[in-house]
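A single chain, nothing else alongside it, follows as structure tokens in the form predicted alone.
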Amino acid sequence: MEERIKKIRKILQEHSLDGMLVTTTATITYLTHFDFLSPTEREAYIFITEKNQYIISSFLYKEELMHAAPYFDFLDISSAGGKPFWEHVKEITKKKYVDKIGFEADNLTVAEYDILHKQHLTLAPLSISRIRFAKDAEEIALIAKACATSDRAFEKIQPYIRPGITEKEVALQLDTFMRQEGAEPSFKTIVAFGKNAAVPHHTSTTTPLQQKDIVLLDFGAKVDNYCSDMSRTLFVGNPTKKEKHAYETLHTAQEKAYNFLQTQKAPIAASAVDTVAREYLMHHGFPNFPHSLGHSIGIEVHDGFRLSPISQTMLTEGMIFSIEPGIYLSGEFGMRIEDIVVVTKNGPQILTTSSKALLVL
């Protein structure tokens, strides 16, 4: 954890700041290992200065927070005896002679900004999510563990996928398998049958599986705060010639993107990886898929950067991301193959190991 806090202090030096207010739940988890904060409610803040670090939260979480992150000083904002967060910040800035502080521009609310501004502090908007881009050895091991959990769930779900079962029933069973292994779904599981698979983020329904349907599964596990994400496409009965051609082309597009990674020396432009798969599919007559080729993954499923045509990210050692090209033919079918890849000093490595060979149930 000390190394992670050093990343914040390096940003302070780069921007000539006296302190940094951290409000994003994922970054708070990154700095504390504490994962019981609501992502939709403001339950904690972190304030880091040149020599001190504070966790500002409710007394309800004090014992667990101090167990997870004893290297922080705890300041209470609970309704019974605590102070508003801004009063704590004000006291710290006066006591530690802190004047210019950074804040997460994509997360701090206008109301919070106004309160801090009234304290006559110099406020500098920043984006600090980049500190989570490259994963350390512990994080890589945890994401690999989450990927192994989702791989096992994929193996277990296959005998359940038979005509008559509904999308919701398959999704529930996948989630149950992951929970039985001590994990949680890392996002809302997507199960799409037939024409529904042509909608990239289809919401699973009570649609029953029909013979000759395509089945699209998109799901992930969350283990010890870290996520996995994978997609597989299966066939109930032999695919048509068109479906088989589409799947083989999609599989090749994903392989070409991965092979491109293998032939390049880091840093590698994320946009270039996207181009390889996207142009291959379009060259073979398939439509431009309406999402990025991939996204970073970590504490959050979308953990900071994307592999897209407009991405400015350079892929370096320790970065972990998905490669997930898709084919979507409205009113007919859809398919997607997704794997998680880590860039190592010896090149890229795939962390999701489930087979991508055309699978007929």
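Predicted, not measured: the structure shown is a model, and the values here were computed from it. A residue's number is simply how far along the shown sequence it sits, counting from 1.
Omitted here: the form predicted together with a further copy of the same chain. The next part is about that form.
So if I measure heavy atom distances to a further copy of the same chain in the predicted bound form, which of the stretches 172-180, 263-271, 85-93, 142-150 falls within 4.5 Å?
One stretch meets the cut-off, namely 172-180.
So a further copy of the same chain isn't shown here. In the predicted bound form, which residue out of 238, 259, 109, 211 has a non-hydrogen atom within 4.5 Å of it?
The option sitting close enough to the partner is 109.
Only one of 66, 60, 329, 314 has a non-hydrogen atom within 4.5 angstroms of a further copy of the same chain in the predicted bound form; which is it?
The residue in contact is 60.
Does at least one non-hydrogen atom of residue 70 fall within 4.5 angstroms of a further copy of the same chain in the predicted bound form?
No, residue 70 is distant from the partner.
When the contact criterion is heavy atoms within 4.5 Å, does residue 103 count as touching a further copy of the same chain in the predicted bound form?
Residue 103: yes, in contact with a further copy of the same chain in the predicted bound form.
Report yes if any heavy atom of residue 122 sits within 4.5 Å of a heavy atom of a further copy of the same chain in the predicted bound form; otherwise report no.
Looking in the predicted bound form, residue contacts with a further copy of the same chain do not include residue 122, since no heavy atom lies within 4.5 Å.
Answer for residue 33 alone: is it within 4.5 Å of a further copy of the same chain in the predicted bound form, judged on heavy atom distances?
Because no heavy atom of residue 33 falls inside 4.5 Å of a further copy of the same chain in the predicted bound form, the answer is no.
Whether 137, 193 and 318 all lie within 4.5 angstroms of a further copy of the same chain in the predicted bound form by heavy atom
Contact check failed for every one of 137, 193 and 318.
Which residues, if any, of 213-228 lie within 4.5 Å of a further copy of the same chain in the predicted bound form when only heavy atoms count?
Contacts from 213-228: none.
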